[in-house]
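Only one chain comes next, encoded as structure tokens, the form predicted alone.
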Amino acid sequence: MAVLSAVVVNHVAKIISASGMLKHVYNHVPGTCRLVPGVEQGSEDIALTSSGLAFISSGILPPGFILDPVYFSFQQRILVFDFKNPTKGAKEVQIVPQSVKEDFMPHGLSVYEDKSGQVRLFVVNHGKGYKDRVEIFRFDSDSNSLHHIESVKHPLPYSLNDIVATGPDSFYATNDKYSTGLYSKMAETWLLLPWSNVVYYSGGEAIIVADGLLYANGVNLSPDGKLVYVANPTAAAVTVYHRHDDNTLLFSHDIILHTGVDNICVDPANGDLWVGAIPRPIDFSVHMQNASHPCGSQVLRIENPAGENSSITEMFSDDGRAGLWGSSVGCYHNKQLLIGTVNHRLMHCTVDVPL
């Protein structure tokens, strides 16, 4: 009986820690911050081109949550934001053909640029009937349009969250849960079952390259392509893997962050990670059921993520009073920070503090 009680107490303690219910959120910003007009239905993930053009996924209905009915009126879109002209705000990208949008729920994003300068956008798409897939588009900057190339469907990428492209038609992707149904996903979360994994796809074939994760969320590559980073919000950590020549992964270490990490942006200049996070996930769960309930936002910068002594700096933190609720991503470019949310607004900040 004593052993069972100890197991239960330990499990409850882990849930309390993961929920952030004992955490206090302090407010600070890296410079001048403003809400980007016209973005009010989410900006869940952001992927940047080398020139500073940011693609943004908007309108997601996150799987695994009981949702406020207001979210079902959201429009599913891909937006663009140009860091060179931040005052122009974000605008919608046209998708060609329009029929792709008939079954389109964008989530994680990744940009692939080839040597000719062609830009491809990889989009996690939550199809109807739990039929997740990856859409690959070619971007035409002249017409501000995404031209559909192919839909990638495979049995292994089945509960997709995020994606990072490794080639014109290859990628790593995270399955955030083993289950696909609403209540089975919720049970998997609360029981802390380590059934989540990372999949590598190329040439029509897919393999599981990392498993045993509580919640594989955001994924990204180091600038040299030798490391893979996976955000694990339930474990409050970013897991670092060495990438082998055959694209399999070897666990290196965890970077413990003590917060609900989500998507990861990588600074191509120095390899720093910029991680969007929700400091009190318990508030976010309430926010999903009641869209008017505020929740906090946070962006962390991780220097030397490949080493054992990473340096972690909180670059942005807000308890909700700044009007940004539930941050999921923070991308840095040219002394600017763009912060996205799961289903709320988009914020642009200047970074005036020394880095």
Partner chain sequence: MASKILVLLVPLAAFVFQSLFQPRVRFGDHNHVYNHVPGTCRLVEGVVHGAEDIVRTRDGLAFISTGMKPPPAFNPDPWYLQAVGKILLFDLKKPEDGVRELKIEPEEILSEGLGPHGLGLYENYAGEIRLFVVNHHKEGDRVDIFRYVRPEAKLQHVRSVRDPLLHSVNDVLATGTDAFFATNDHYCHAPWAMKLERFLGLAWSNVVYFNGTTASVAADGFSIANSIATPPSGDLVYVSDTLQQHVRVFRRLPDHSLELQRVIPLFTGVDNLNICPETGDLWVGAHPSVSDTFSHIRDRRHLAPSQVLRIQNAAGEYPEVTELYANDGRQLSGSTAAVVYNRRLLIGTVVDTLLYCDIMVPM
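Predicted, not measured: the structure shown is a model, and the values here were computed from it. Positions refer to the first chain, counted from 1.
What comes next is about the form predicted together with its partner chain, which is not displayed.
Checked against its partner chain in the model of the complex, the residues 286, 67, 312, 53 give one hit for a heavy atom within 4.5 Å, which is 312. Of the listed positions (324, 60, 29, 39), a single one reaches within 4.5 angstroms of its partner chain by any non-hydrogen atom in the model of the complex, namely 29. Taking the partner from the other structure, its partner chain in the model of the complex has no heavy atom within 4.5 Å of any heavy atom of residue 185. Heavy atoms of residue 152 never reach within 4.5 Å of its partner chain in the model of the complex, leaving it off the interface. The closest heavy atom approach of residue 109 to its partner chain in the model of the complex falls outside 4.5 Å. Within this chain, residue 148 is remote from the site of its partner chain in the model of the complex, having no heavy atom within 4.5 Å. Of the candidate stretches 287 to 295, 313 to 321, 326 to 334, 40 to 48, only 313 to 321 has residues with heavy atoms within 4.5 Å of its partner chain in the model of the complex. Residues 257, 258, 259 are the members of 232 to 267 with a non-hydrogen atom no more than 4.5 angstroms from its partner chain in the model of the complex.
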